Ligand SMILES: Cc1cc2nc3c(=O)[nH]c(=O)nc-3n(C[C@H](O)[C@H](O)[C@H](O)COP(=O)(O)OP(=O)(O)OC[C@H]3O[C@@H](n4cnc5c(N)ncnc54)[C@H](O)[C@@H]3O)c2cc1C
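First comes one chain, alone, set out as structure tokens in the form predicted on its own.
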């Protein structure tokens, strides 16, 4: 006899855990299939204040607080030529949350998945889903471990970049202007400031790349560099050599790492920016990275995963309670998650332009532009009219900088000669 569930979830990361927790707490029978065994390494350690809303709703906030993660107060953006600006979440436009977390994803994801199981989800680790079938009655999933077929009324695909449903239906759309390649590793003994400034995510913008420096609990720091895919190919180096050379070439990074030592392998990921053309079907939803991933800049990954998992649970709870409202619930889900993806696509695309960096690094203390930009970087969805018109002014300034170069000083984005 086949097993039957209300909802099957493919993937046990933050999106799958949040969706599963909220569905199970609403009394649904939920199974989560996770192909790996937790804990497992994952990049994407920096979070935004907006995730705290979802964590509270899941009832997992206290467990996260007890996890000992570093409390994050904001970010710092530095140009290779020496210009610097810091932003703090507490200063965001109508800010409600002054902090977020810098997390070890192996531990953070484990807490969320364990909480989903404690909330009533059946969690099956080391159980990949090899194939699925969809009909008017629901979804049939075939785990790759030889166990019996599982049936569910609905499925949420949270399987990340390898999105099972998106790939089968050929929904993935890449962004040619965001063909990037990243190299990253963990280091110890990276220099760090005292107090709240020592918790900031540091982003260093060079002419043709950018670095992240994310302080984690204790003495560990996540260091990564993002560049054009073609640049990495032209280096003709191993990931280890390439990362070492990139760091050495940038004093704004190297001076913080003079005494640092690498404590993990160097990981490499390429061509990671994409979006699926459709986020829902009659019996399925895509959430987390399975819906889309818009560049690691601005640390939106965990936020989008938790938000989409939460919203997918809301959509399915409505569909299960009132089947006649399913289409409306799914449309709302697709519009809301699509809108957030649009925001980060626009900002990530702008990040790689000269004029955006120049305006960003010379903030204009007019019309509340600085707190508005800080709010966007905190995970605000820009549904407030006061934010929308202020952001329009910000984007106009960026456009004028491209035309006239008179809004902010020109930057070389090259290290100063010594």
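Numbering follows the first chain given and starts at 1. The model shown is predicted, which means the values in this text are computed figures rather than measured ones.
Omitted from view is the form predicted together with this ligand, to which the following refers.
Student: By the heavy atom within 4.5 Å rule, which residue out of 98, 251, 239, 160 makes contact with this ligand in the predicted complex?
Tutor: The option sitting close enough to the partner is 160.
Student: Quick check on this chain: which one of 258, 193, 230, 271 has a heavy atom within 4.5 Å of this ligand in the predicted complex?
Tutor: Checking each option against this ligand in the predicted complex, the one that comes within 4.5 Å is 271.
Student: So if I measure heavy atom distances to this ligand in the predicted complex, which of the stretches 114-122, 342-350, 179-187, 83-91 falls within 4.5 Å?
Tutor: It is the stretch 179-187.
Student: Give a yes or no on whether every one of 33, 36 and 43 sits within 4.5 angstroms of this ligand in the predicted complex by heavy atom.
Tutor: Checking in the predicted complex: 33, 36 and 43 are all within 4.5 Å of this ligand.
Student: Answer yes if any heavy atom of residue 293 is within 4.5 Å of a heavy atom of this ligand in the predicted complex; otherwise answer no.
Tutor: Heavy-atom contact with this ligand at 4.5 Å: present for residue 293.
Student: Answer yes if any heavy atom of residue 315 is within 4.5 Å of a heavy atom of this ligand in the predicted complex; otherwise answer no.
Tutor: No - in the predicted complex, heavy atoms of residue 315 and this ligand never come within 4.5 Å of each other.
Student: I'd like to know if residue 23 sits close to this ligand in the predicted complex, meaning any non-hydrogen atom pair within 4.5 angstroms.
Tutor: Contact with this ligand, no.
Student: Residue 289 near this ligand in the predicted complex, any heavy atom under 4.5 Å?
Tutor: Within the cut-off, so yes.
Student: Since the partner is left out here, which residues of 126-140 would have a heavy atom within 4.5 Å of this ligand in the predicted complex?
Tutor: 127, 128, 129 sit within 4.5 Å of the partner.
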